[in-house]
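Starting off, we have a lone chain in the form predicted on its own, written out as C-alpha cells.
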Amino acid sequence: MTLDETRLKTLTMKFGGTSLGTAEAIMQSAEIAKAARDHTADRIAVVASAIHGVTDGLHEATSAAAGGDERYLQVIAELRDVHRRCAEALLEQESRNAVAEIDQLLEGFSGFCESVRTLGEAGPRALDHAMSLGEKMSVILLAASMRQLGVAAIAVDASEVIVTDDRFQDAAPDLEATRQKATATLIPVLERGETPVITGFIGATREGVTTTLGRGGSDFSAGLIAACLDSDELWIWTDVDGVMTADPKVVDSARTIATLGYEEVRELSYFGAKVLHPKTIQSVFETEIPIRVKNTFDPSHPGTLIVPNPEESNGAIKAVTAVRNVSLITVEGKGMMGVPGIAARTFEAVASTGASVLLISQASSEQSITFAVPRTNASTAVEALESEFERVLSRGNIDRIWAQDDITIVTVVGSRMRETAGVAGRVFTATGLRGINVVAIAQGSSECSISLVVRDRDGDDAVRAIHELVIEG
C-alpha cells in the first residue's frame, strides 16, 4: 500500500459499514490502520461504523418487540451469528473474549427488547439506546483484529466522548464540551502509544443518556473526533475510489475527482452524493482539516482530497448529481404580488410538519413560490399550507397550492462556476439538445452549484448530458 511520504502527527481514520461487512473486510481495515500507524502518522484514532446492515437489524428487532412480535428473538440470533462468525474467522487468541463481550451486549439487548414488548412502545430515546449497539460490537472486533496485528488498540464508547443535546435520533453535539471530554479520555490513550477505536454514530447527553447523531452520524463523529484531536488529516474509508464526477451506475464515464473544496463537497453531499455527509465538513470547518476519501478495497488508490480552498483545476464543472423521490410544491396566485409575509408564512407552515426544504425557486413577478421537499413529506406539507392560507385562498389572493410528485433535482457543482461566464448556458443547451424540459431552476448562494428540476423520466438523461460537460472540461 502506497501512503504519503510526509509523516503526520495525528491522523483520524473512519471505516464505514461496508468496510466492516465481512471478516475479510474487517481484517483489511485493521491492516490499513496498522500501515497508517507504522508509516504515516505518529498516532492515529479510528472511528468505526456498525457492520453493514446491523443498525437496520437492531431497529427491526426493537420495532418488532414494541409491536408484540417475537421476531425480535430471531433477529437477535441472526445478529449474534453474524458477529460470532466474524470473530471466529478473524481472531485466534482473542476470539473467545470478543465473542463473550458481544454475547453480553446482545443478552442486554434481549432483556431491553423484552421490556419494550411489555411496554408496547419504543420512543426515540429507546431507539437510540438500541441502535447504538451495532457500533459497540464492531469496535470490539476491529480493535481485537488490530491487536492481533500488533497494534495496541482499545475499544472506546463514544458516549464517553461526544456530548450532545437530548434530541434523540438526530442529536446535535456540543463541540466545546466534546473537546474537553476528548482531551480527558482520548489524549491519554494516544500519549501511551495506544490507538483508540471509537464507536461512530453515538453520543450522550450531559446526564449520560445515549443518543445517536442521525443519518451519516459516523462520518459526523469522525469529523468531531478529528477536530477535537487537532488531527492533521481525516481519512474516510469506504467502498469506492473517492468522490465521483457522477453516479457510475448512471454514467459509465464517471471518474474519481482528485481534489474538491469544502463548499463543493458540501453541495454534492446535500444534493445526492452519498460518499460523505455534509455535517462532516461542518465539524472540521473551523480547523480546516484536509479530508481524504479512500477505498478500503483498493487502498493504493489516491482517492479524493477535500480541502478548504483547492487549487484551480481545468473545467468549471466538477460533478453532477441527482436527488430523486422529490415533490415540487407550488403556492401561486395573482394576489400574492407585493403582499408581505407570504414566503415567511409558507416556510413556517412547512417547517411545522418537519419537512426539509431542498430547493426554492420564486417567480420574479412574485406570483408564485415553488420549493422541493422529500416526496414522503409532500401531502402533509400541502395540508399544512392549505390550513395556514385558508382565508387567503377563500379571498382568491392565492389561487391554488399543489404538488407535482414525479420530480428529480439535478445539481451541477464546481467552485469555478462563479467566475466562468456561460456555464448556465452550456448546461441548459446540453439538456435542451436532449429534449429535456426544465421545470424550475435555483442557484446556491455560494454560487458553486446550479440546480435544475426535471421530471423523473428525464433525470438520468439530464445527468448524462451535463456530465459530458465535465468530460469536456
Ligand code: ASP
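Please read these numbers as outputs of a predicted model, since none were measured by experiment. We number the residues from 1 along the sequence you see.
Omitted from view is the form predicted in complex with the named molecule, to which the following refers.
Trainee: Mark Ser145 yes when one of its heavy atoms lies within 4.5 Å of a heavy atom of the named molecule in the predicted bound form, and no otherwise.
Mentor: No.
Trainee: Though only this chain appears here, would Thr62 touch the named molecule in the predicted bound form if you measure heavy atom gaps against 4.5 Å?
Mentor: No - in the predicted bound form, heavy atoms of Thr62 and the named molecule never come within 4.5 Å of each other.
Trainee: Check Thr55 for me: does it contact the named molecule in the predicted bound form (non-hydrogen atoms, 4.5 angstroms)?
Mentor: It does: once the named molecule is placed as it appears in the predicted bound form, Thr55 has a heavy atom within 4.5 Å of it.
Trainee: Quick one: does Met417 come within 4.5 Å of the named molecule in the predicted bound form, counting heavy atoms only?
Mentor: No.
Trainee: Find the only residue in Ala50, Ile44, Ala30, Ile409 having a heavy atom within 4.5 Å of the named molecule in the predicted bound form.
Mentor: For this set of options, the contacting one is Ala50.
Trainee: Considering Gly216, Pro173, Pro290, Pro310, which brings a non-hydrogen atom within 4.5 Å of the named molecule in the predicted bound form?
Mentor: After the contact test, the surviving option is Gly216.
Trainee: Just one of 146-154, 208-216, 341-349, 399-407 has residues with a heavy atom within 4.5 Å of the named molecule in the predicted bound form, so point it out.
Mentor: Within 4.5 Å of the partner lies stretch 208-216.
Trainee: Quick one: name the residues from 60-86 with any non-hydrogen atom within 4.5 angstroms of the named molecule in the predicted bound form.
Mentor: Contacting residues: none.
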